[in-house]
Every structure is written in C-alpha cells, then in structure tokens.
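Presented as structure tokens, the chain that follows is alone, the form predicted on its own.
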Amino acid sequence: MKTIDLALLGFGNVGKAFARLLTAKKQELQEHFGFNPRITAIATGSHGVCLDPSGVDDQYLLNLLDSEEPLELSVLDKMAFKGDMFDFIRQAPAQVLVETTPVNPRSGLPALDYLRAAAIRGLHLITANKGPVVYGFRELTELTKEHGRLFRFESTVMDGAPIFSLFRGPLAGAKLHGFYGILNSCTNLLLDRMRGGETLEQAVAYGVSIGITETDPSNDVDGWDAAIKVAVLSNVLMGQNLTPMDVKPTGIRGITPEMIASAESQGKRWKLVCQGGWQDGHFHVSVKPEMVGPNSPLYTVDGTSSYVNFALDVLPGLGILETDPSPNTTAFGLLADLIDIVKSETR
C-alpha cells in the first residue's frame, strides 16, 4: 500500500474540512485507489505548526478540531519546529503540499512564493487559492514538470465542481470559444437577500455569519473574487495572460433597492454576470451586474449556487450548476486533485 504524505499550508475552514474528509475517506482511498493519505505537517499563521514524520494522529487531530478550546497545533509537533513558512516548506516530511491560505487578488502573494518554493523543492502542488493560478499558472506548471510533479487547482473555481479536470479528460479535443455565468456564489446570495428586503450591509453581515464571504467581504461585493475567477478560466482554458485588474470588475455595491424593485416589476433579476471569450477576433472579459429574465439559465440560479456555461465548437452550450457550496465541497476538490496526482504516478 502506497503512503502519500501531505503537508497542509493554511488550516482555516477549508483546511479543516479537508483533514476531516481525508479521515472519512481513508478506507475508501485505500480500497479503491490503492493509497493511504497521511498528514505529516500542518502550518497556519494563527494556530501554530506541527510536523510528525510518522503522521499526525487522525483521531487526536479530530478531537482538537471538535474541542471548544482554541486550536493549538504545536501539541502535535514531533520535530520541535522553529522558523517561518518557507522553513516549514523546506522541512515538511511530505510529497504533496496542499495550500489553502487567503487569496490576494492583486498579486497572488505570498501564496505564489510558497508554492514556488515547494515546486523547487520537488513537491506536488495542490491549491484552493486563485491568486497563484492567475499570477503563476505557467511558471508553477513548468517548475513542477521539471521535477516530474503536478500542479493542481480544481477548487479555485466553483469549489469541488469538475472544471479543469473536465477539460483535461472528457473535453480534451474540444475547442472553447467562451464562457459566461455566475462565479461568485456570495454575491448571488446577497442579491437574493436584497430582493427579500435587506440592505446590502445586512446581507453582507448574514454572509459573514454563515462563512460564505471572502476573508475581506469587499472582494466579493466589489467583484474582485469574480474577476480573479474569470482570469483563472481565461488563462488556464483559453491561453490568456490576464489579471483581475485587466477584467476591471464592476461589483454590486451600486445596486439600490429601487433597482431591485424595477427589475422585479419587469419580471427580471439582477445577477453578477461573468464573461470571457472571443468576439470579432478579440478576447473580451467582463464582470458586471446585469438584469436577466426567465429565458436565461442564470435567472433560477438562487442563493449560494453558481453556474458556468461553456461554448465549445462541438458542444455549443454546456452548463455546470453547483448548489449549496461549503468548505466541504472545496475540500472535495482538493481530494479530487490528490487522487489525480496518485493516478498519474501509476500511469
């Protein structure tokens, strides 16, 4: 039985959900995919660091997560670790780095530097962080390839929904002309609650309370999270080299109760619509609020759901809908990437 040792860099809601999912799926991974996943290192800015070459005790870790006491990972440390995140990357006894630190839409740092260091060391890379994919997709792909490793990032757009793996596998050979959809589930929820009579501030407070917003909610409200996802899809799937600043997003901050009411009177709804693709020989991208009617597939995308429609040469309108995302669905995207990496080593 092959053992795959994992170092987790970042241990917020997604990292914790991933640790729980690994424990829950361990027997299934052993029986169906022939490997035993083992967390050997965890680093976080607020809960300490632990390294254990023999593997962190799963039940002990779950007990810590379930405890009402503040999480302190140093109690699991067996290597008397001292240093910063780069020292952690150099010393972690692992083959795979799973990075889930907060996104920086304007530079991808410091996560990009962390992943770059791990790639140079010769680790497989898995991230849920959109920043390094936008600003370092080609570099990290080449760095990992030089060491016979892979760079995977399924969870960066629409959580655990298969987007990038779909184009590597079943859609290989299809040509993508463009895409549109609702890529920020938070703003979709905010607009729904505003239709119900809440102010934007009240809706944001609710989003924060259920953990659906970005660490900085303005990244959602002002369209930056949507813009970085548009840049990711454009760069990875369509060969572009865009940043969120190139997308120049318009968020939902300007949507007023009067605009909501006017749309309702016309039988329409406001949605933060994301688009990218070729038009008249030029590549165009946008993130902006639009009114959509019942004839649009976006009209019934409610709450925290998200949707993307791909226009391909062989499939003119392929849509993917994800409902009720959570840290658990993002964690599944990380797991899917891990399984893909293990499979690649046996091909």
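Start at 1 with the first residue shown and count on from there. Please read all numbers here as calculations on a predicted model, not as lab measurements.
FYI, the form predicted together with another copy of the chain isn't displayed, but the following is about it.
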Item to complete: Considering another copy of the chain in the predicted complex, find the one stretch among 278-286, 36-44, 52-60, 298-306 with heavy atoms no farther than 4.5 Å from it.
Response: 298-306
Worksheet item: Taking heavy atoms only, is residue 210 within 4.5 angstroms of another copy of the chain in the predicted complex?
Response: no
Discussion item. I'd like to check something about residue 319: if you look in the predicted complex, is any of its heavy atoms closer than or equal to 4.5 Å to a heavy atom of another copy of the chain?
Written reply: yes
Worksheet item: Can any non-hydrogen atom of residue 150 be found within 4.5 angstroms of another copy of the chain in the predicted complex?
Response: no
Worksheet item: Are any of the heavy atoms in residue 257 no more than 4.5 Å from a heavy atom of another copy of the chain in the predicted complex?
Response: no
Worksheet item: Though another copy of the chain is not shown, can you say which of 83, 196, 239, 170 has a heavy atom within 4.5 Å of it in the predicted complex?
Response: 170
Worksheet entry | Contact residue in the predicted complex, from 250, 243, 91, 165 (heavy atom within 4.5 Å of another copy of the chain) | 165
